[in-house]
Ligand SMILES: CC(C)(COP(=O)(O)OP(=O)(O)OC[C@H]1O[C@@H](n2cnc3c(N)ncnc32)[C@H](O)[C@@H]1OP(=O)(O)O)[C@@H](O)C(=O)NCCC(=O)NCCS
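The chain below stands alone and is given in structure tokens; this is the form predicted on its own.
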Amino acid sequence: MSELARADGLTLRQDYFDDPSAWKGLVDLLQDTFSIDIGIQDQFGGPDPSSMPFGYFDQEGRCIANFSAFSMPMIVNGRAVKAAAYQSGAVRPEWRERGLYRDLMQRAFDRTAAEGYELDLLLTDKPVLYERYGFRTVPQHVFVAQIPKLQKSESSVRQLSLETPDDISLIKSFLQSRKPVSSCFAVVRQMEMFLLNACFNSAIRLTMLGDDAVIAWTFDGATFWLLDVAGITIPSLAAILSALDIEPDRIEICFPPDRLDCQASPEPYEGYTVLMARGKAAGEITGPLILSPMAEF
């Protein structure tokens, strides 16, 4: 623990998610700082069990600073990579500029390095802050697809709801056994962020396609955004659109489309945050690519 933290009566805690009061402290910190409610995860079974949180707590038990790592296995150019991602970085305003954030970051980085992670990923709106730690921006692109010829579909479709326990169980089963949506750059396994992102954006639709896949998508009447596919097989873009029975004017695919059997052209993605990477596997990342919005953290 830093001398300043000790002098101010702070307690350093790590791997504390099994303590409900400490978990609630992090929920409150992120709600107060970013107006996001990660406590929603409780209805899906709780936070990611691979999480490695590092936090400072005051004498009243409030979480006043936190930085967390978690395991997010990736496929990078056809190879399975042991990757760590970083999230939930926050400090309460009255405790900023005291070195607490740097201290927690370094603890998380040391932990993942000791455990042999070969790729570190983060999303941030302040990339300069992390460049000093060796992170570099990874340009992202959406893929604008040619509209395929639709065909009569024999696949059944059913809309899924995160308010229905059976549907949640079904989605989780597909996320646990999924085939990576791309062989170029994609999450191998990550369940909690998929469910949380679906909750955060009410426009996202989750549709069961046949018995093989759950499709995450949005449609505004003109543009169709394909956000992710969680399935034991990856259907073609034509099969997806045919089953959904929609004919968009424009199609944007939010992951590398190499398994969709379609023609698509990359266009620069301009989002609120940028993707950054470091580590010995970072040099293997080649574009164009984008991290699925359902995997954002």
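Just count from 1 along the sequence shown to find any residue number. Quantities reported herein were computed from a predicted structural model and do not represent experimental measurements.
Missing here is the form predicted in complex with this ligand; even so, the following discussion is about that form.
Looking at T33, you'd find a heavy atom of it within 4.5 angstroms of this ligand in the model of the complex. Though the partner is left out of this view, D166 does not reach within 4.5 Å of this ligand in the model of the complex, counting heavy atoms only. Residue contact with this ligand in the model of the complex: R102 places a heavy atom within 4.5 Å of it.
Contact check for V157: no non-hydrogen atom falls within 4.5 Å of this ligand in the model of the complex. Judged against this ligand in the model of the complex with a 4.5 angstroms heavy atom cut-off, the residues A90, R98 and L129 are in contact without exception. This chain is displayed alone, yet in the model of the complex one of T112, S153, Q140, T124 has a heavy atom within 4.5 Å of this ligand; that residue is T124. Look at 77 to 85, 130 to 138, 193 to 201, 219 to 227: in the model of the complex, residues with non-hydrogen atoms within 4.5 angstroms of this ligand sit in 130 to 138.
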